[in-house]
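Next up is one chain by itself, shown in structure tokens, the form predicted alone.
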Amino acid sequence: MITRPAEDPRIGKVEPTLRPILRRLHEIMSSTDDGQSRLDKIVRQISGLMVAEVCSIYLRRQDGSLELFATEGLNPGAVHTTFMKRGEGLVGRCAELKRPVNEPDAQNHPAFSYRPETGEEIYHSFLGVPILRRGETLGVLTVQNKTPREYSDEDVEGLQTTAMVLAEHLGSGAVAGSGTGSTIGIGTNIDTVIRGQPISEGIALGTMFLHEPRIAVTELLAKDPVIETARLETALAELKAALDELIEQGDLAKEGEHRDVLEAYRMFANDRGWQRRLTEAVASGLTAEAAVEQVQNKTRARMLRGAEPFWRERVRDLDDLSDRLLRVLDGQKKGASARIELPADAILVARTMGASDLLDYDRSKLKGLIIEDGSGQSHVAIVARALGIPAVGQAPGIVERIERGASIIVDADTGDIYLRPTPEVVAAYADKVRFRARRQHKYRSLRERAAITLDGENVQLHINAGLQVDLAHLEEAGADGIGLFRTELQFMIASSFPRLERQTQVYRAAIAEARGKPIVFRTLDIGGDKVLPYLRHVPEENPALGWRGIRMSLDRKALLRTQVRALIRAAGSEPLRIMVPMISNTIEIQLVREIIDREFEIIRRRDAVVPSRFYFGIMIEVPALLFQLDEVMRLVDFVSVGTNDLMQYFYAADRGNPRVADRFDPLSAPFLRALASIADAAKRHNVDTTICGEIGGRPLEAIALISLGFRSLSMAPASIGPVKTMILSLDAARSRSHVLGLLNKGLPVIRDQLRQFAEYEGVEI
């Protein structure tokens, strides 16, 4: 269909029809015609220039379905009357997969969905490419021919580039109102409250400010590829220099989780593969800006084919880098020396945002952050927490609903976002902010006080940590130690497997930061939703029940041995506590203990310093252990109960699935009886036991845990104050009698009854 010309050594290979298609596309879009007329002209032009008998444009509707908006070759009466359900047919498949669908005989493909009103039964060859903008599918662009044949790579690339240009115009509203009242994309209805997920605690009142990182790419074809190559090289150098300056500034220069995130981000910017693909795209005849966008779209689509959170986060890094590079090419130098101007008390709203983008804003004026698709583990969330900025993620439709300068309230404790709040809501939140300040002052005053109940029961309160930045909270919260140090977070943000020396440095720094307080290191807990990019990952149908935790470590013993060796070296003569995750039986305990003992023996033979005391423990999170507790307790020095995983396995309810995650209450009688059996077995064998899941950080749930016999809880640093306040007002003996009585009554859930007990007894929850 498309033939190649002789290769020009300056610009590489260029399709002869690509230039006229793009040129004509710009002419059509800049015309004064209405949106529908523009789409009709576009399909005619593409059909003629690509020698296709059919060219069609399908656009996404609010419900995710696809509507035929324009066609050349199919029945004109099918326009605005043909709809494809989400994922239906080859068109729906193309939209969902976000990649080209190239079928020589479409009608015999199992996904083919025949629509008689279109008259497409005489066409066999089908090529569809997604119309993507910022990773969002706006629609699908297709061509068809009668003769069965597979379209060439040149055809696919040409149609993809055309779709890229079309996406920019669609995104800018160039065809808004096309057709018969159909609506493209997300609506603009404004609700009073949007519910998201807290990703960095706090409350902020201010005015909306939209984060607009995107530079519209209008010039696609290079007039002089040599000049474009030079522009790209200069921009890349400026980008790297700006990142270096940004990362080394003041409050971000210190070590911590945010620092590791930014270092990984800087490594992405220096990736030679990314730079090579950009250079090749320019050599093909595109402008530097168009090359950035093309590489961004192709790489993004490839990354998003997998469901791993790691790759979703790397997509955000890619988008951030691409946007920053476009700004440099556009002449906008934004780094540490050029902050974006903000109004006073600004609440920044973004669809997505990279970690470094947040640093472009004046933090003296930035009071809050809302990210439509952000999560608590996203890189920007980590940096927001390091900077103390209240932030909420997973806020659907927020970008379409904001109005710059309008008032907004962000409650990053609950995840609630109030758009244009009434004076009453503003007053209520102003009171809440003042109350929160007083409460935090009260918690700080309890920092040096032990968590002892009214009847003299001492409850140890620890924090969960994962990176060095978390350790500063140890002293701030007045915690007794670190009940869970997640070593895998260091592995997840690194671009390659951390060597022995690097691991030793990290663990040594953590021990030093703990200042003599106990710290429990959990060995590598990878698998499920935690994937390392540099380890070969085999897709699993149910990864939460698959090759993860100690199962992976026992199959990759070198990884476990290296980590244990690093921990022993890091501890020096200090006590060392190592805990193993995802244990299912006593055989695994024995195998791990043999590996650890061997590493101790190797170090002793070298006359090196070994820890003064060694404590070996396991996580109880697999229900099978509930039926071998006595055997387990004889093999360990301590246990930690991972209630998050234990509960999801206990009820067969994926905690990452919103449809079932909240269906079962941790204060249900069956689950509490399971926890009671653990506490009783630990007491029989005199084994220290800690609760490490989220429920330990909730005052009401903590009452139940203490009543069952647990005397050590590990939680987020912010939960220490509220839980300690509760403990100081609790009579443990009275609460135990009450809770056991409720469990004996056969109630399915005891939440309401336990709350009534707390209110009656004057327990602060």
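Quick note: we count residues from 1 along the sequence shown, nothing fancier. Model, not experiment: these values are computed from the prediction.
From this point on, the text means the form predicted in complex with phosphoenolpyruvate (PEP), which you will not see here.
Contact with phosphoenolpyruvate (PEP), judged by heavy atoms within 4.5 Å in the predicted bound form, is confined among 440 to 448, 498 to 506, 689 to 697, 289 to 297 to 689 to 697.
Put simply, of G481, G642, P225, G196 only one has a heavy atom within 4.5 Å of phosphoenolpyruvate (PEP) in the predicted bound form, and it is G642.
A single residue from the set R363, R655, R593, K517 has any heavy atom within 4.5 angstroms of phosphoenolpyruvate (PEP) in the predicted bound form; that residue is R655. Under a 4.5 angstroms non-hydrogen atom cutoff, phosphoenolpyruvate (PEP) in the predicted bound form has R548 among its neighbouring residues.
When phosphoenolpyruvate (PEP) is considered in the predicted bound form, R324 lies well away from it, no heavy atom lying within 4.5 Å. Contact annotation for R486: at least one heavy atom lies within 4.5 Å of phosphoenolpyruvate (PEP) in the predicted bound form. Contact between R522 and phosphoenolpyruvate (PEP) in the predicted bound form is found at the 4.5 Å heavy atom cutoff. Of all the residues from 619 to 639, those having a non-hydrogen atom no more than 4.5 Å from phosphoenolpyruvate (PEP) in the predicted bound form are M619, E621.
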